[in-house]
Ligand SMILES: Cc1ncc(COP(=O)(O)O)c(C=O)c1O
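Have a look below at one chain only, the form predicted on its own, in structure tokens format.
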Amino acid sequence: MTHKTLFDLPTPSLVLDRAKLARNIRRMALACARNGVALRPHLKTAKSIDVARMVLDDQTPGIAVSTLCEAEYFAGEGLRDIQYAVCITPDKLERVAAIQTTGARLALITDNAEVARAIADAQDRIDTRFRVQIEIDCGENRTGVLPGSDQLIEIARILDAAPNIDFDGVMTHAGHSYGCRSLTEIETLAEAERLAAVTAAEAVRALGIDCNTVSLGSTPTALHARNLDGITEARAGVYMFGDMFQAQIGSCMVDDLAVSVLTEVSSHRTDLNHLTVDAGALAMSKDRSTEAVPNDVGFGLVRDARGRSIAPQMIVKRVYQEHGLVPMPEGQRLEDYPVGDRLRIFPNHVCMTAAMYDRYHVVDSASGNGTDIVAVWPRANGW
């Protein structure tokens, strides 16, 4: 069956607004241009060559991914400069080498001297060159080495000395920027992120080792950094789509959100004054990232089938595996949302939500009524 509008689709389905996507892409491109850095779009959220084609231009050196499945997919689509932005483990090196036989070149990252040695030792069994960066911890306390640490120096020396390795520089990620609650906080953290990366690069250069790449990135810091002196590229990904959490920390507005889940009303409980929809935990995820921000939208913000706001605000208060529970706020009536009525839910964490779907049903709010399906774009899932 060919689906022509959102009213023809099975539910739940993943909806992508192409006009909003294009607007979000332009906004990040302008932010990076303002700071004089290249943009390396992180496609861990989008996982789509069609999205990649919209975001890539002459100012983007390549892409970043978070799984080797994504790297294989994008390499197969002809993309050649790919950063695998998760610390590599030695057992994955043969898979990396296989991807590179397509003509793609992966940049690997590590924060471990033993892994660096294992990559160097792989020359005896794997006939390829590895491009490797060192991950720096700029304050998130997840992975990475500290900017001026002995670990940084040791890893840099190992990588630089290995005949099968091209040492490619340093990278960092301010994931803790998601904890910021004001523009001032984001700007301060962005400077700390910049300083960590630049300090690490300077320490490596002091050894007489070239450090060509100085990479950082998160959507909030890439958008709001006051300056990125000493940085060569910024990585960001969720900015393309946005989500309710990003909207609440100032990375975008609710009307910028490009991805939503199409659902329909499946049941009424008049005695409890709530309805259920057929988008539950598997369709939306159980992410509760808006719990600690001023406007808690439960498991997602409910809008009408055209993506227009509903007032008073309706939210998915609770999720079960295939059920989402939507209480009626004062001023809303159950009878206005009959069983079979279609709604759109805007998620808290779009990366988690999108991961459950194998395609986007693309609409365009800039033309027509925003419910006509103008394309279907596949996604690459898995690891």
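As the structure is a prediction and not an experimental result, all values here were calculated from the model. In case it trips you up, residue 1 is the first one in the sequence shown, and so on.
The same protein also exists as the form predicted together with the ligand; that form is not shown, yet it is the one meant from here on.
The partner is absent here; in the model of the complex, the one residue of Met171, Ile82, Ile155, Leu228 having a heavy atom within 4.5 Å of the ligand is Met171.
Residue-level contacts in the model of the complex: of Ala116, Val277, Ala236, Cys138, one residue has a heavy atom within 4.5 Å of the ligand, and it is Ala236. The ligand is not shown here, but in the model of the complex it comes within 4.5 Å of a heavy atom of His42. With a 4.5 Å cutoff on heavy atoms, Pro220 counts as touching the ligand in the model of the complex. At the 4.5 Å threshold, heavy atoms of Arg142 reach the ligand in the model of the complex. Heavy atoms within 4.5 Å of the ligand in the model of the complex belong, among the stretches 159-167, 212-220, 120-128, 253-261, to residues of 212-220.
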